[in-house]
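Shown next as C-alpha cells: one chain only, the form predicted alone.
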C-alpha cells in the first residue's frame, strides 16, 4: 500500500518573505487558485496578525479555496484570534501556531527574567506557552498545527517533551522545522526517526517538516525526513522564501515521482501544472527563475552538447529522466496577434492558470491589443508578463502620463516625465549618465524623493527584435524592499513604469501598515 505525502505549500507566506517579493491581495488569490489546480493539500495563505493586508489576503484566499487553508500565528492569543478572524469563512481552516524551542532562540527571544531565571525555567515557560496556544486555538477549529521553531538545533529530549505535550493538548499536525537550514540529511532523518521512538502519542498527529535551503540541503533534508516517518512536506514554488529559500515543491514532488522505485509514497500533485504555477509565481513576485533550475528552469530540458543531442535524437531517456510534458513544459506556444479576439485571449490565459471577471478582461484585452499592435505576435511568456504587470498594480499607483527621452552619442541624455497620481500632476526634466538614469532622476525630482533604487534589471520575454521588454526595479525604505515591474516594447518606458510601480507599492504599504516588523519564524 502506498502512503500519501501531504504537500503543504507556503509560497504565499514564507515564499512572500523573500526580500521584495510582497504580493498584493489579488495576486495571492490568483496564485491560490493555481495552487488548488496544482493539487496541493494545504495552502498557507499568510500571517494575519502582521498587517491588515495580510489578514485581508488570508480572508480572500480562505473564502474561495476548497483546500485546507492555514494561517500562521505566534503562540500568543492575539495572533491566534487574528488567524481565526481571517480563516472564519474557510471550508477547511487550520491555525498554525509556533514558538522557538532551541536554546539559541530561547536565549534570544525569551531572555527576560519574566520567562525564568535560568534555561530550565525558561524551557518550562516555553512548553506551557506552546500548550496554552494549542489549547486556545483548539477552541476555534479542530485542525491545529504546531511548529517547534528551530527544531533542527533544539535539544532532542526537550523537543520530544514539547511535541508530546502539544499533541496531548490537541495538535493534529506537528512540524519539525530546520529553520536555519543547518542540519545534514542523515542527521535530520535520524532526528525524525528518534522522535517516533521517544514520543508515545506521536501516532495521533501528522509529522511535518519545513526545511530551509541555507546550505542547499532543503530538498535532501525533506526527502530524508519522509523516509524516516514524516508525512507532510512544507515547501514553496521555485523554492522561494526567507534568505536562501525553502525546499522547492517541484523538486520534492518530481523526485518522489521519478524515483518511485525507492519508496511507497505518492502525492496528489498534478505535475502537468508545475510549469504554469512556477511561471505565475515568478511573474507576480518578480523573482526570475535561474535558467539551470531543476524541473522548471529554461535549461531543464535543453541539450547543447553534440553527444547529448545525438543521444536525445535516438532515445530521449538517454539524457532525460522525465519528459517536459510531465511537468507541463509546452512543446509549442499559442501565438496571438492583433486580430485575436477576447475569447481567444481569455481561453489562452485560462490555460496558463489565470482567471478573472469579464470586466477585468476588458482592461487586459486593451493592454493586449496595444502590445500586439507594436510586436504583431504575442507569445505565452508575453501574456504571463502582461498579467503580472496588470495584477501587480498598487491600489494607489503613480501613472506614467508622458515620457520623452533625448539621447545620443553627441548629446547629454535628458528625460522629461509627467506623472499622474489621483488628481495631481507631477512634471519634471532631468539629465543623467544614460537614458534610464535620466528617466529615474526625472521621476525623483518630480516626486521630491531621493533615489532608493537598490537593483535594476531588464530582460526580453521572447526572442526577436520585437520582444516585449520587462524591467524590474527594487527599492528600499527603512530596510523594507519593494519590487516594481514594467512592461513595454520600449525598455525606457518599461523602466519608468517599474520604478513608479515600486514607489506606488511603497506608498500603499506605509499608508496601510504599521512599520513594526513581526518575526514570522518557522
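Residue numbers count along the first chain shown, from 1. These figures come from a predicted structure and were not determined experimentally.
Heads up, the form predicted in complex with a small molecule isn't pictured, but that's what we're talking about next.
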The small molecule: the contacting residue among 413, 93, 353, 177 in the predicted bound form [heavy atom, 4.5 Å] = 177
Name the residue from 252, 72, 443, 87 that puts a heavy atom within 4.5 Å of the small molecule in the predicted bound form.
-> 72
Do heavy atoms from each of 390, 470 and 497 fall within 4.5 Å of the small molecule in the predicted bound form?
-> no
Want to guess which of 145 to 153, 75 to 83, 160 to 168, 373 to 381 is within 4.5 Å of the small molecule in the predicted bound form, heavy atoms only?
-> 145 to 153
In the predicted bound form, does residue 16 have a heavy atom within 4.5 Å of the small molecule?
-> no
Do residue 98 and the small molecule share at least one heavy atom pair within 4.5 Å in the predicted bound form?
-> yes
